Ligand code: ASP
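The form predicted on its own is given below as one chain in structure tokens.
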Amino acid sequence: MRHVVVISTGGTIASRWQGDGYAAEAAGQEVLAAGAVPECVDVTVVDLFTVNSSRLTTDHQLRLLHAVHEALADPSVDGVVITHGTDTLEESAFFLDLFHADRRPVVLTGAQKPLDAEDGDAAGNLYDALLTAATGRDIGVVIVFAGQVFAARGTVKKHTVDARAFGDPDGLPLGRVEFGRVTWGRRRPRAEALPLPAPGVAPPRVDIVMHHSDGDTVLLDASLAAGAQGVVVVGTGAGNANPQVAARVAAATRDGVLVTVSTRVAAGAVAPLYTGGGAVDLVAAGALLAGTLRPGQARIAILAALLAGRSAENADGPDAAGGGQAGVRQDAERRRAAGATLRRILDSTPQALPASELYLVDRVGK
């Protein structure tokens, strides 16, 4: 027998009709009882919280992170399954993966149809997730949905309501679950895990700002004024904005704010191809390119970099370490360390070809 801990957090997989819409309400044991459990698996259920995942906060994700590590502290546990709402599942999965060093797998799954739907997908997805958690090794944190196993990094929700909800726009599944077994197609190298933030740490504000026609710095200014320590600029095309945005990014990075550039395009990496406020200028302004990470996971990369290694003594915020010059120096050092951590995270993410090689590819193609 394999021992798997199921951590229940809500979502559609735990939702029932409320008279005017669906909402998460079912406990983990009810979700588990809705389908079959693989014969080789013994399950322990942990009810962590029950929310629609659009309501998720960093505090929820930190609680989930520590619950996973507590479960894996038991050597009799062979793997962890997390039932999660699909709206922000890709964010929680990547967050957990950045801090995961254990050989035992952590598997996230959910459903596109509510728990009591006659043609629902909850039971099948949970069965596949349990099987993956019981048999997988050295796969990190993965997403199991509709018979496919995806690495957390790079996987996004690609359809609002279709049963095949998840995919990696720039990659392939790690494996498939068919006929009661998991078939692995490839292995993805695992990056070094970040140090675990201590319980009680105060989560920093990290925002996402999208560029568009007529885009200006109003929303970016508002984010920075609200105290954001990190911002994802969602560019057009290969990661482009305009000169006003680039100038504001330069001012923000001088102040120690971490800025990454992602894209609103569904697939492909951001690339330093254009000036005039494009990615070339954003990089010169101090922003880091997010490679193939879509905006939600680019934000998680900044969040994790800021949280890594933070201790409970700083739980009251950035000024808790002390005032005066000592506090300023410590805050500056913490920001430099977070910037270096963010670079390591992004360096382990597939990046675009250099501009010269993209040009050559384009010319050869013609």
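Start at 1 with the first residue shown and count on from there. Quick caveat: nothing in here was measured; it's all calculated off a predicted structure.
What comes next is about the form predicted in complex with the ligand, which is not displayed.
- Within this chain, T86 lines the site of the ligand in the predicted bound form, having a heavy atom no more than 4.5 Å away.
- In the predicted bound form, none of the heavy atoms of Q61 sits within 4.5 Å of a heavy atom of the ligand.
- Within this chain, A111 lines the site of the ligand in the predicted bound form, having a heavy atom no more than 4.5 Å away.
- Although the partner is absent here, T341 sits far enough away that none of its heavy atoms falls within 4.5 Å of the ligand in the predicted bound form.
- The candidate stretches are 62-70, 47-55, 332-340, 298-306, and the one lying within 4.5 Å of the ligand in the predicted bound form by heavy atoms is 47-55.
- Scanning 1-23 for heavy atoms within 4.5 Å of the ligand in the predicted bound form gives G11, T12 in sequence order.
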